[in-house]
Ligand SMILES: O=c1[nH]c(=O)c2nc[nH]c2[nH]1
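Have a look below at one chain only, the form predicted alone, in structure tokens format.
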Amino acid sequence: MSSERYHQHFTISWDQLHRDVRQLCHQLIERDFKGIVAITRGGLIPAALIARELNIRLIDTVCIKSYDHMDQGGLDIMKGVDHDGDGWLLVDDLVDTGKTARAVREMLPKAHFVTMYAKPEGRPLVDQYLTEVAQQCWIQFPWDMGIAYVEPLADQLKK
């Protein structure tokens, strides 16, 4: 898969991410979890915010790499966990093609798997998500962006 498949962009600000996490937590508040397993790297920040909102102190990670910026390659599993996920909340930022989600589901079949954003190909692999996003949409997360000066339009047109 390459970056050529993305025809739309969806930019998420820090404020929007925090509002989305809180909305998802309202749906999870009645459940009692032993802890959280974050899928790194994307799931780290949502997992930390969820841990704060649900007052969960025990956090572990599953470390997997499947993307190099916008290009998806093979799975590189760098760290797993030593349980089946029973009673645990599994958190990622996004489920896209489902490649990573399938691998993590095999590791933690009993975990309650949530993502902030879900695309159609990966959506059936998670138990809960907040927002559905088109498959051809690239999500710009706030941790992947920086603040930059944008020249006024009038000045851009003078060149």
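Quick note: we count residues from 1 along the sequence shown, nothing fancier. The shown structure was predicted, so the numbers you read here are calculated from the model rather than taken from an experiment.
Below, we refer to the form predicted together with the named molecule, which is not included among the displayed structures.
For this chain, the superposed copy of the named molecule, brought over from its placement in the predicted complex, stays clear of the backbone and C-beta atoms by more than 2.4 Å at every atom, so the pocket is open. In the predicted complex, no heavy atom of L24 sits within 4.5 Å of the named molecule. A residue is said to contact a partner when one of its heavy atoms sits within 4.5 Å of a partner heavy atom; I36 fails this definition for the named molecule in the predicted complex, lying far away. The closest heavy atom approach of I139 to the named molecule in the predicted complex falls within 4.5 Å. Taking non-hydrogen atoms only, L108 never approaches the named molecule to within 4.5 angstroms in the predicted complex. Residues of 77-100 that come within 4.5 Å of the named molecule in the predicted complex, judged by any heavy atom, are L94, D96 in sequence order.
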